[in-house]
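A single chain, nothing else alongside it, follows as structure tokens in the form predicted alone.
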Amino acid sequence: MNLKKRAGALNKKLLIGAIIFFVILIVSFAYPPFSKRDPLEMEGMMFEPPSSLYPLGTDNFGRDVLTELIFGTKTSITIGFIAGSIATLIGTTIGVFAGYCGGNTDNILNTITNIFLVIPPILILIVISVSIQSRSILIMSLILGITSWPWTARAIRAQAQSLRNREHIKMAKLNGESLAEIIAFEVLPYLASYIVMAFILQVSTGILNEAAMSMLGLGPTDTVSLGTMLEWALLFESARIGAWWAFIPPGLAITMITFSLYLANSGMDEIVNPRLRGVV
């Protein structure tokens, strides 16, 4: 297969992932403003099966599962985006300065990163979440973001190290550019694709971590999310009584979101990385 055909296949891979994600994004963000239903309103009986009135049935509180699903998807994606942005910003900043500056700066920042990598993130998440009574979308995003950055820092650090001795960096130094200018105009542009891929993975990680924390009873307290839907289904044993509509839709939504993001990220990775597309 020639390079042109390979690139086309990879573009299709990226395109499919992007289309799936944006369809989910549009539905979850476009529907709520026009919805006449409150996702937390108890309208029907407990675990009513799907019907014309409730297309996906009701949950353990008699709430419309379809409405919860759409609003919950919006919440989970919002948390994922905010948490992903925070984690990517922290990880990129630490990784760039550690990799490019080297020396003591690298030693200090790399030590901090290694400490956070050694401590299981789930323990930090639990400790912080338990100590906070009210967990809004922003609070949840901050908690997830500040505990998810280390692996991004490691990846960006490795890439920044490879740029230190490049010709364009040496020329910038000879031209008298400051450290900030070199990083902003000479280093970051070369790392843009890696930063975007790190962000995509961080968004996916944020969504999965929110679901995990919610299933432990440590999710957002003022709204519904895909994770809290799974938590309620688990607590009230919906699987045991056969109320599949209470747990399959949120589980499927999480699967589709993360699958689309990983598919898009994989496509980008293969396009950017010559070894993955068979070019030496």
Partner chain sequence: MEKIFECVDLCKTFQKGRKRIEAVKNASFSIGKGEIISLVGESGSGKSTLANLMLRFLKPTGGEAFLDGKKIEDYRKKEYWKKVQAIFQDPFSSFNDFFSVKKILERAIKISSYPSPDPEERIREAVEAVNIRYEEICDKKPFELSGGQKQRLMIARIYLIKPELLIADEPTSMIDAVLRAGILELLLKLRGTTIMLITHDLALAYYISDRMLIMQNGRIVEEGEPQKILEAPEHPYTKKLIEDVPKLSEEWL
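Model, not experiment: these values are computed from the prediction. Positions refer to the first chain, counted from 1.
Below, we refer to the form predicted together with the partner chain, which is not included among the displayed structures.
Student: Among 152-160, 182-190, 127-135, 84-92, mark the stretch whose residues have heavy atoms within 4.5 Å of the partner chain in the predicted bound form.
Tutor: Residues of 182-190 come within 4.5 Å of the partner.
Student: With the partner left out of view, is residue 115 within 4.5 angstroms of the partner chain in the predicted bound form by any non-hydrogen atom?
Tutor: No, residue 115 stays farther than 4.5 Å from the partner chain in the predicted bound form.
Student: Please determine whether residue 174 contacts the partner chain in the predicted bound form, using a 4.5 Å cut-off between heavy atoms.
Tutor: Looking in the predicted bound form, residue contacts with the partner chain include residue 174, since a heavy atom lies within 4.5 Å.
Student: Sequence order please: the residues of 134-172 with a heavy atom within 4.5 Å of the partner chain in the predicted bound form.
Tutor: In sequence order, 166, 167, 168, 170, 171 come within 4.5 Å of the partner.
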